[in-house]
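One chain comes next, on its own, written as C-alpha cells: the form predicted on its own.
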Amino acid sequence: MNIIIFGAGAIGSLFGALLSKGNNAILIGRKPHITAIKKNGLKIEGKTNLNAKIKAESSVDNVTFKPDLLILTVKSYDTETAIIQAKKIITNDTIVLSLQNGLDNIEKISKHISSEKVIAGITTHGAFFSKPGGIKHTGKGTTVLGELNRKKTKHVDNIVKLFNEAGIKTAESKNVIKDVWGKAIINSSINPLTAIFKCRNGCLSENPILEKFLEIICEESVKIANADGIDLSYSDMLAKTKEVVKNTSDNYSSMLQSVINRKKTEIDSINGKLIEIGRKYNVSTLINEILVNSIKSL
C-alpha cells in the first residue's frame, strides 16, 4: 500500500517505521529529523528495536506517488495546514486517518475534504524523541480505528489488517468518536497537570493533592462530554485515567515536553475545546479554564 505519514513526531515515526516493512511508506516531518533519517535511517529503541530505512521528506511536494492512505499525526494546531498541503496529492481513493490528540481535528480536516474519506483513531502507545533520527518507544499499547458514522466498512477492515500485519495491535472501534472523547478527557486530566507541576505522570497518583485535582478535572470534563451527547461515565473515565497514569508512570507527557522545549502545546484542542463545548451548554468549565490559563502563562 502507498502510505504517507504526515507528522514525523514520535508516534508518527514509530508507526511509519513499522508500516514501512511491507509497504511503500514515506514520512513527512521537520528538517532536522528528516535529514538524520535520510543519512542514517530511523532508529527505534525501547519496547521496539528497529533500524528502518524509510523514505522521508520535509515537504509533501516531494512525494512522487498518490497515497492509498494518508495518516495525519501532526499536532492539532498544524492539522489544517497539513490537510491543505496534502490535498493536492489526495485522490478519490485516498483514505485519510486522523491519529491525533484533541477534539477538533475531524472538524478541521472536513473543511477541506469530504468527511466520507476520513476515519479516526486513537492509540495508547508511548514514545518520545531521543534525538533527530531516533525514537524511544516507552510503552506498547493498543490502537482502534473506525468510521465517523459508526458503519463497518471494507476499507477500515483493510487498514486494521494492515496495521496488525505491521505489528501495530489494532481493532475496529464500534464508536470511534466516543473513543476520541475518552482519550481527550484522559489527556485533559493528565497533560496540563504534569506540565504545570513539571512532573512525570506517576506523580499524579503519588501526590494526594495532585490526585484529587486529577479527579476534579476528569469530573468536569466528563460533564461536558455528557452535555454534548457523549455517553461516558465519570467512574469509568476516572478508572481509565488512573490506569494510564499507572501504566505511564515514568513518562513525561507530550505537553510537558512542549513546555520544557518552549514549543506550542495542544492545550487549545484539548482543554480549550472542552471549554468551548461546555459554554455552549452552560456547563461549568472553571477547572479547564484555570488549566488553559496556567499553561498559556508558561
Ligand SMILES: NC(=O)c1ccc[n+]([C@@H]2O[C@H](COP(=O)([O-])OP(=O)(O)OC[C@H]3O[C@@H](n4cnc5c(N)ncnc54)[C@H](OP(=O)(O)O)[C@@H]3O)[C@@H](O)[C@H]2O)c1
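None of the values given here were measured: they were computed from a predicted structure. A residue's number is simply how far along the shown sequence it sits, counting from 1.
Just so it is clear, the following notes concern the form predicted together with the named molecule, a form of the same protein that is not shown.
- The three marked residues, 184, 241 and 288, fail to reach the named molecule in the predicted bound form, with no heavy atom of any inside 4.5 Å.
- Residue contact check for residue 29: one or more of its heavy atoms lie within 4.5 Å of the named molecule in the predicted bound form.
- In the predicted bound form, residue 263 approaches the named molecule with a heavy atom inside 4.5 Å.
- Of the heavy atoms in residue 221, none are within 4.5 Å of the named molecule in the predicted bound form.
- Shown alone here, residue 11 lies within 4.5 Å of the named molecule in the predicted bound form, counting heavy atoms only.
- In terms of contact with the named molecule in the predicted bound form, the residue from 75, 178, 112, 200 that brings a heavy atom within 4.5 Å is 75.
- Only one segment in the set 93 to 101, 167 to 175, 204 to 212, 146 to 154 has residues whose heavy atoms sit within 4.5 Å of the named molecule in the predicted bound form; it is 93 to 101.
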